[in-house]
Ligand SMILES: O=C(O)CCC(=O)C(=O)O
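This document starts with one chain, in the form predicted alone, laid out as structure tokens.
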Amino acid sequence: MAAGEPPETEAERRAALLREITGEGGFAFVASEEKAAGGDSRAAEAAREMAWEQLHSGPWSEVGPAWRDAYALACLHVARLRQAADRPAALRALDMGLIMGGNLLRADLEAALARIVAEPGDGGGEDDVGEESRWWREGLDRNRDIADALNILPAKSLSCKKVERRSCISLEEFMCGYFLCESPVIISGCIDHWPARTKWKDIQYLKKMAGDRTVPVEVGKNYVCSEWKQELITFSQFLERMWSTGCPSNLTYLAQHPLFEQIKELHEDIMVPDYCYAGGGELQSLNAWFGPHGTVTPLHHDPHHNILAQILGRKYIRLYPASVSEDLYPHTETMLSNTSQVDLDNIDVKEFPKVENLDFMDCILEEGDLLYIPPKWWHYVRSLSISFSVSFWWRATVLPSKGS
């Protein structure tokens, strides 16, 4: 290996990482890791615990990349030593390495996952399949009647300007009519060929592809509520919560998670829409938004162009242009500065008087629809049924003109 080149094998990457951890004073970690490499399962667990403590020693942004890589390394050891006796524990260790670890050993984590996933599992209980499938279909069919939907939507919903709807327009039409003037649009008929449009309708398929995998979820009404929290659970546990939890404080949402980087089998079921290449587009992130009816993303804006693909179920979305930002009362804290203080489900007109008469546009996003949301456009999202959406954020090298 030439000087200055990145390590190519797992052993070389491991050796380089341990030198870096030693330089940061992580002598106990290195000692435990060396024992773990020799087959000591207790040492592997100890190394993982030490790295975990380092990940939580301060703000996430201040965690050194070496300790994230160290955590991934320890997860690899734990999975290797537990794989034969405890397959779910091995999968969880590798998923945690992907979610919380750094990039140095990502390929090694993915290779280890592929080996375990390729092995036959125990299989699920057949008795519950029929009931699960029935619940799944009922969950996807909720609130199809507009009158029912209006009962749970914010005041004045579907009474103002509707988001324009187009059928499978060309990239040129999208560029000229919407992208360059930064105007939202719904595009239908473009993703019907995606395997996800049929495969994800089957809950048993989702459980087979991802059931034993660990995912991060949000629990609570939404991320600005004081009781909101995050948890790590298996995908199967998440699916069970979707139909067993009726309390808003326990509402569970798999939100803004790069699920398709983690679970490659699901990534194969979707494609990047051509519209994401508008303006010399450079994809920034591809995230999953999956949850039961009633999940809410409060009024906020994002920095990138966004195509939101509605794979399963239906969502209500309300949009306000960037030009009215001050009238939407953004939070003053830096972490929430892209989020409005206004709760559209229960507007306090005395505290936020400017909001009541603001013009907006809204829509119900149906299965198979794509919604273009321009940068800085404020949007509120509510699931009307079980809903699985995928967001494609991209950054343009050709800047649009400032439209309406």
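Numbering starts at 1 and runs along the sequence shown. Treat the numbers as computed from the prediction; the structure is a model and nothing was measured.
The same protein has a further form, the form predicted in complex with the ligand, not shown here; the description that follows concerns it.
Transferring the ligand from its position in the predicted complex by superimposing the C-alphas around the site leaves no ligand atom within 2.4 angstroms of any backbone or C-beta atom here, which marks the site as open. When contacts are defined as a non-hydrogen atom within 4.5 Å, none of Gln204, Trp243 and Thr252 contacts the ligand in the predicted complex. At least one heavy atom of Ser391 is located within 4.5 Å of the ligand in the predicted complex.
For the chain shown alone, Leu308 is a contact residue for the ligand in the predicted complex, at least one non-hydrogen atom being within 4.5 angstroms. Interface residue remark: His300 is counted as part of the site for the ligand in the predicted complex, having a heavy atom within 4.5 Å.
Residue contact check for Lys315: one or more of its heavy atoms lie within 4.5 Å of the ligand in the predicted complex.
Scanning Phe238, Trp289, Tyr320, Phe179 against the ligand in the predicted complex with a 4.5 Å heavy atom cut-off leaves one residue, Trp289.
This chain is displayed without the ligand, yet in the predicted complex the stretch 292-300 from 166-174, 328-336, 292-300, 97-105 comes within 4.5 Å of it by heavy atoms. Taking a 4.5 Å heavy atom cutoff to the ligand in the predicted complex, the contacting residues in 364-387 are His379, Val381.
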